[in-house]
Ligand code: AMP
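As structure tokens, one chain now follows by itself in the form predicted on its own.
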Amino acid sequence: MTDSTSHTTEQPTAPVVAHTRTELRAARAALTSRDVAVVMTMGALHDGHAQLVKRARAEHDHVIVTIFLNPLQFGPKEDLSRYPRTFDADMEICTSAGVDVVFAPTPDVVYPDGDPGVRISAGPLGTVLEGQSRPGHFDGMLTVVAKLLHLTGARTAYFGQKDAQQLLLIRRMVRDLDFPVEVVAVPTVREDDGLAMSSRNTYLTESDREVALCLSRALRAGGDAAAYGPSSIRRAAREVLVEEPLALVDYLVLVHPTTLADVPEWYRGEALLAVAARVGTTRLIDNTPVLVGPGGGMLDVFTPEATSLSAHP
């Protein structure tokens, strides 16, 4: 006679959902530790967000995810109503990833007096690259990030390397305004074909997606040429993009990681190779940190030394 043992799989616990400031305070107070990390999103979660949460989960006792479609980040020519809203699917990802609290407020909760009269200014770094194409975007982004850092009380915030300019500006705000928060960068998560994961990928048709792959191919080509200097990096990446006429390139740049200034030919060290292009009706961005010079190549994220705000090319 053989003994049989039954095994049960414990189902992950769904996070507490808070929609108001009062509910968030109660959920925050119920956590067993003050060691709390936050991952901020606009919803339409994908595996890139899940990786942020998993990293936060591994390094902290508790994780709060914010799901808020921030109207301040959308310009007059950008369709806020078109942005994908997938709350039920988002909750499944949060549950699987071990999120403790989801803060999903409406605009009137975050901005109780309507459009805020006082906003965070991104300064000159917010007017170049993405800021030039989307005026005011980074002011709106920093304003809501500041508010959510205060509301969640997190000690660490996790952001993806994919939004490199956003990441730089958040780090700058935290340092310049003395926020008691650590900002952690997590490498860009990509599909098997190399496309950087983004909520906006849902807008792409099958043919658009094939076109969009030229962005990651261009970055890879540039990274492969990193040992030979800035002009070689730019040339290699540009050659890939010109072969795909259906990708309308906004910019392709090789810039310093903290000043966003074009690096000169003599430059050696860490730099950001970034590209933005419109594919069909969708504007996509992608980037890779690279080490320029002998032995150089693509990096996952910048080292702390490279992102020091005292660094200059």
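Since the model is a prediction, treat every value here as computed from it, not as a measurement. Just count from 1 along the sequence shown to find any residue number.
Not pictured, yet referred to below: the form predicted in complex with the ligand.
_If the cut-off is 4.5 angstroms on heavy atoms, which of these, A27, M42, A276, V36, is the one near the ligand in the predicted complex?_
Among A27, M42, A276, V36, a heavy atom within 4.5 Å of the ligand in the predicted complex occurs only for M42.
_Proximity to the ligand in the predicted complex, single hit among D139, D224, D90, D163 (heavy atom within 4.5 Å)_ = Selected option: D163.
_Contact check for L213, R217 and R220 against the ligand in the predicted complex, heavy atom at 4.5 Å_ = Contact check failed for every one of L213, R217 and R220.
*Quick one: find which of 109-117, 183-191, 234-242, 148-156 has residues within 4.5 Å of the ligand in the predicted complex by heavy atom distance.*
Stretch 183-191 is the one.
*Considering only heavy atoms, tell me if H60 and the ligand come within 4.5 Å of each other in the predicted complex.*
Contact check for H60: no, nothing within 4.5 Å of the ligand in the predicted complex.
*According to a 4.5 angstroms non-hydrogen atom cut-off, is L52 in contact with the ligand in the predicted complex?*
The answer is yes: L52 has a heavy atom within 4.5 Å of the ligand.
*asked:* Does any part of M197 reach within 4.5 Å of the ligand in the predicted complex? Heavy atoms only, please.
replied: Yes, contact at 4.5 Å.
*Report whether the minimum heavy atom distance between Y83 and the ligand in the predicted complex is within 4.5 Å.*
Yes, Y83 is a contact residue.
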